[in-house]
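This text opens with one protein chain seen in two forms, each one given by itself as structure tokens under the names structure 1 and structure 2.
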Structure 1
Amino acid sequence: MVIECIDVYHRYEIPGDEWALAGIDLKIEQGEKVTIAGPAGSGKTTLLQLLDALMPPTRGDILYDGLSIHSLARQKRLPSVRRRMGVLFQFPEEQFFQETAYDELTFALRNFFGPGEVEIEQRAFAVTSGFNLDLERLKTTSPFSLSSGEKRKLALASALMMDPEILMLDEPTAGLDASGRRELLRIISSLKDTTVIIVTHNQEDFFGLTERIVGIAQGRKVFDGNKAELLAGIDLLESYHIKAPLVLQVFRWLRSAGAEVDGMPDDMEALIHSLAAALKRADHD
């Protein structure tokens, strides 16, 4: 599915409320991996809710494969769009309402698509095996008794049960320890054909996963580019209080200091490896 925002404005129906989003133009193609970054209160989560067709914009339009959200809403066809998407909000425990973790896992698939129980369990096994979640334990465990990492995995697994074309994630690594972050990133990186939209105030975790970065500040799009363009735009982003990944800041500093570091590193480990290779070459010269 291709999603396109055309001059999107949105504000909530609160007297005196200012625009949460203003003049957003954004097109996301099927299969893209996109990070939407910005400080707290910048409008990131509002944009995610609009992209997920949870509400129409106050002004402007959002197209899903060329179909207007306003037209789809009038025709009561928005649920058919949402069924093609999976969403993980920042606090997964606020999404849970089923008695067991298994019922939570299978709820959307069961109610939106209505396959038989055998097919549901087969799908549940296939999805949870990649998350290191014990399916039998989920059948007897409340989702609220899971650890924070398990809750995040359960919420993501629930979204993936429907094999969505688009996966939207709001601060997916917030509150996770280093091990939990690595596991979650491994799962996300395995989604080769799925469009992934990650909303975050911290790009560090996702720099190696996404090729496109969209910067949002004060409700407006202030940056939209790839990693090379992000490197050139660090000062612009920081003027809007959008912090560039540390690895990119260090990479820029090394380059400015005359270090001949090859390529664009995805993380500090890759940068250290490149720097070591550069120093080794210098020793041989």
Structure 2
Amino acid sequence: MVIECIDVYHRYEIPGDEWALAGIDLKIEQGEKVTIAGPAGSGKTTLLQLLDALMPPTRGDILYDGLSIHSLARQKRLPSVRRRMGVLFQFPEEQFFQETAYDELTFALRNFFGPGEVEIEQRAFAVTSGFNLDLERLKTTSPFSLSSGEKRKLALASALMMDPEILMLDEPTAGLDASGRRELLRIISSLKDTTVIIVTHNQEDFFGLTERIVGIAQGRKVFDGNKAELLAGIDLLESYHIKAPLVLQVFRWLRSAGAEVDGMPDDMEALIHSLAAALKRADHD
């Protein structure tokens, strides 16, 4: 599904409040991987709620495969687009409420689509096969007794049970330790055909994962580009308190000092690897 925001403005109904979003134009094609970055209070979570069709924008339009959110709302057909999208808000495990982790995993599918138990289990097996989660154990375990990494994975798996075309994640790695984070990023990067939209104030984790970066500040879109454009836009983003990943910053400093390494690295580990190789060559020469 293609989502397109056309001149979107949004204001919460609090007297005296400013526009939370102002004049957002944004088109996201099926299968794109996008990071939406912005400081606290920039409006990025509001944008996520609008994209997820939780509420229509105050002004402007959002099109889902060309269908206007306002006409969908009038026809009470918003659930039909919402059903094609999965969202993980911040700390999704705080919303767990089922007795077993398996019930948590299958709750939405069972209640929205109501297929038989055999089909649900097949789907659960297919979704969790790459997750290092033991389905049999989930059936006898409370979701609250899982480790924090497992909880986050369970929340992600629950969203994927509905086979969404678009997956939206609000700070998906916050609060996870190193192994939990690596595992989650591995799973997200395996979602090839799904549109993935990640909202974050910390681009570092997602630099290797997404090709397109959208910067939001004070409710406005201040940047929209790929990594090469981000490289050129570091200072612009900084002026809006959006911090580029350190790896990109160092890459730029090296380049401006005439010591470019080959190709743009995906993360600091990759950059350090190339630097170590370059320095090693020096030792041999």
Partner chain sequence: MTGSEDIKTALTLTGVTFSYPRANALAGIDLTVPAGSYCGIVGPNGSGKTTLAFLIAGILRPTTGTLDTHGLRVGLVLSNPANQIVSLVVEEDIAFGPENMGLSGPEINARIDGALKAIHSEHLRKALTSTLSGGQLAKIAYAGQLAMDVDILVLDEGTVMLDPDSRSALLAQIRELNEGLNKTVVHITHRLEDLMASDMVLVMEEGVIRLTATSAIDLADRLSREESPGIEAGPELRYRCLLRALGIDDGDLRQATALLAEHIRASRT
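The term rigid core refers to the most C-alpha atoms you can superpose between the two forms while keeping them within 1.5 Å. Source: prediction; values computed, not measured. Quick note, the numbers are simply positions in structure 1, starting from 1.
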query = Which of these two chains, shown alone, is the form predicted on its own?
reply = 1
Flag for residue 145, CA shift 2 Å or larger between the two structures after aligning core = yes
Rigid-core frame, C-alpha of residue 193, shift of 2 angstroms or more between the two structures = no
ask   = By how many angstrom does residue 136 shift at its CA between the two structures when the core is held fixed?
value = 2.7
